[in-house]
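Read the single chain below, which is given as structure tokens and is the form predicted on its own.
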């Protein structure tokens, strides 16, 4: 792999010890990944700020002590603490201290403290065709697919190294030819009624991830049904159940004006049937019966529009189960300013910002508990991360369940 004169100067210490460390890390990873050179990036989204152990904190603080600063606009993914409502998180002792130190270290590195897994709905929206270095699976797939910017799935610590160096390895999805679809998905057998279902979008995402793995698909037949929040749900589920970093939706996403324009000549053709999508939806639930102990929405973090939808569904009712609303501080601040948050909290909604219920201890501890969610990503990760079994449904199902204190799921439209 070749470095240009500027890269070489940074690695040699021209811009300080921290920048040199970052550039060398990016270059070494580039060699391992088969990159031919480094590419300048326009922005970064940092996943490494979530506490998984002391080494992550010490690494970030080492960069701070070396004088490192990000060279491009960089947002932070969720941390392990709710900095606005600290009592929401049961993390205690040294792990809590280290988690806070980690979040503060990323702020000291110059990252914008957005603390959201949906930075694209908090104003961080790189231009179509721009090269960026994003971490966090749902953010990556949204950035590539819906925004049309170019990033690989940059893991923890490489993401911040790219942000400090202002460079990323030139391989994979940074190459336009590698962004062509090798799988074509035909959804014409599905009714319009199913495509209008909110729960359809995580379900098709879960099916896509399990079916294509890390390949790139173009989905045909969703034009007129896709919204940004629905595409967000599709991408998050596909990136969790598989390793999808890019999908296209014909006549919707920026690189797919048509199937023919984005699919390769040898692309595999798949047809999605009603039975297949119902099976995919069923796999998002891991238990039977009507027991539910808590409800959680917002993975990826709920948008402002999704919270307004929640408010309509609540319709002044009181909840018998806690409903955890995971969202970004940019959304919560607006809700508070407009007076929309207090009616929700008085009814039993528990707002969570800067983190979420599946990555840190927030849900009540105990065995044999069940979480209801409308998130394909929560459904995939919650059993392993929290010990809760999962019931999956729409946001309306989640509200009805929280109000009733037991599982309620509307099957209309799925028959």
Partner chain sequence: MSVFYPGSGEGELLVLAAPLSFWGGVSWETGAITNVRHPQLGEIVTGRVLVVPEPVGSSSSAAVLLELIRAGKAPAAIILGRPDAILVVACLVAREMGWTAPPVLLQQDLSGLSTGRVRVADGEVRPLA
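Residue numbers count along the first chain shown, from 1. A quick note: this is a predicted structure, and the numbers were derived from the prediction, not measured.
Absent from the display: the form predicted together with the partner chain. The rest refers to it.
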### Message
Considering non-hydrogen atoms and a 4.5 Å limit, which listed residue (242, 79, 166, 126) is close to the partner chain in the predicted bound form?
### Response
242
## Note on the structure
the partner chain in the predicted bound form has a heavy atom of only one listed residue within 4.5 Å, and of 290, 338, 214, 305 that residue is 214
### Query
Thinking of 218, 254 and 260 as one candidate spot, does the partner chain come within 4.5 Å of a heavy atom in every one of them in the predicted bound form?
no
### Query
Wondering, does residue 153 line up within 4.5 Å of the partner chain in the predicted bound form on heavy atoms?
yes
### Task
Indicate whether residue 379 is a 4.5 Å heavy atom neighbour of the partner chain in the predicted bound form.
yes
### Query
Can you check whether residue 366 is within 4.5 Å of the partner chain in the predicted bound form, heavy atom basis?
no
### residue 21 within 4.5 Å of the partner chain in the predicted bound form, heavy atoms
yes
### Query
Hey, of 323-331, 180-188, 154-162, 195-203, which bit sits against the partner chain in the predicted bound form at 4.5 Å between non-hydrogen atoms?
154-162
### Query
Which residues from 272-296 come close to the partner chain in the predicted bound form, meaning a heavy atom within 4.5 Å?
283, 284, 286
